[in-house]
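The chain below stands alone, shown as structure tokens; this is the form predicted alone.
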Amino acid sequence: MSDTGYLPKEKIKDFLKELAKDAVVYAPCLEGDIVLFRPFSEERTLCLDRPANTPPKSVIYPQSETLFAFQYKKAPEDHQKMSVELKADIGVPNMVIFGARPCDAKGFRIYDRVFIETNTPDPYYRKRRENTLIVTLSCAAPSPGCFCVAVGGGPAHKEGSDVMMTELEGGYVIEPVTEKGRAILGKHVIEDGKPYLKDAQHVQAKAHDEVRNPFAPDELPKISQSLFNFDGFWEQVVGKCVSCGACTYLCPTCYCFNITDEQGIGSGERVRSWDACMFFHFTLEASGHNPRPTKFQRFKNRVGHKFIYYPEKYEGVIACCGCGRCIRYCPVNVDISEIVNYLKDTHQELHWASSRKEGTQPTVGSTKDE
């Protein structure tokens, strides 16, 4: 068997039907003007022309999930005593994420380090991750705002994927990345892809060269700690943010959550739901005190987590995949790549330090000589 497959475009639905025999297949589907990952069916319109508006992270890491149910029961021998019965169900079907982008797949690797590669693995996330096959589609061209190459990724980056597909004029070249992905090559609609491999590599290289790198010539951004810790900088760059939280919910690498008990009379559920550091109540304490009471402090935490704290803990890995969704869909055009670029600029650091001494308020992006 060849190490590379080829899927003719006219057979793509047959391919998805074959995958659906053994798993629930999530694919990017057109709903109105937006593209969302939905369970595949012939009634839905498959859309591979552009990245989905939302990443497929909810397939493996649901926006809201019940961790367990609980029920209070009185002890039959003594009604003054109460016991609690817990019931957890982590049964997960086999699933396929089809048509995700490399940045989406890389996002799952960010989660893996937190939820699996630890002394206390999360059984819910781990089970879904193990039962999910991730088939990604390399990007033929950059989307507005994306900067994946600047954070260690790329339009054909394979980290986190089980299978990589590359679109050619008549079909898709299929490259297995893991042993789990290699089973794809055995599907009857898959042809030998070896004759098309060089064309696919050419498409991948061309797309890579077209992606912007806001941090060039640096390989990865290195943030100025003194500028990062200067409140005046954040007050200015985040002044227009409306704290809607869209950047967090659309991000393939954000994983913060909250846990609540939804309780009725005698029974209830413990529920885990996505949370967002851009919301005021994110670190609000029961006493009413909030250690991050202002918008700029919350955005500073968002940037710091992705570009400082996570890299410090996980051997330099940046917790941003550069997909650009937070830039494309921000209602007030806050650009995280632009902000990080300011933070790594030594001229900016000197400029802001000088302004602090003089008691003036500089403009982001300007220099002392302007």
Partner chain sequence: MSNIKNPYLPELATVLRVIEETPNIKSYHVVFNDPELMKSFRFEPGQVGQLSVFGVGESTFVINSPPTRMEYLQFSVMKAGEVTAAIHNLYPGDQVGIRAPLGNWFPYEQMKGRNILFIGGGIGLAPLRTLILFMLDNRADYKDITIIYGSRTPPDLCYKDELKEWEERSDVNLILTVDNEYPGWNKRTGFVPTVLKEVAPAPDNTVAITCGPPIMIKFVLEGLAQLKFKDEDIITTLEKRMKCGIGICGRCNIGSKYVCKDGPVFSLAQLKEMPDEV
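Numbering follows the first chain given and starts at 1. As the structure is a prediction and not an experimental result, all values here were calculated from the model.
What comes next is about the form predicted in complex with its partner chain, which is not displayed.
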Using a 4.5 angstroms cut-off on non-hydrogen atoms, would Glu179 count as touching its partner chain in the predicted bound form? no
Its partner chain contact at His305 in the predicted bound form, heavy atom, 4.5 Å: yes
Taking heavy atoms only, is Lys74 within 4.5 angstroms of its partner chain in the predicted bound form? no
Are any of the heavy atoms in Val189 no more than 4.5 Å from a heavy atom of its partner chain in the predicted bound form? no
Options 102-110, 157-165, 83-91, 195-203; stretch whose heavy atom lies within 4.5 Å of its partner chain in the predicted bound form: 83-91
Proximity to its partner chain in the predicted bound form, single hit among Trp234, Tyr124, Tyr172, Phe147 (heavy atom within 4.5 Å): Tyr124
Is it the case that Cys256, Arg272 and Asp275 all touch its partner chain in the predicted bound form, with a non-hydrogen atom of each within 4.5 angstroms? yes
Relative to its partner chain in the predicted bound form, which residues of 100-121 have a heavy atom no more than 4.5 Å away? Val114, Phe115, Thr118, Asn119, Thr120, Pro121
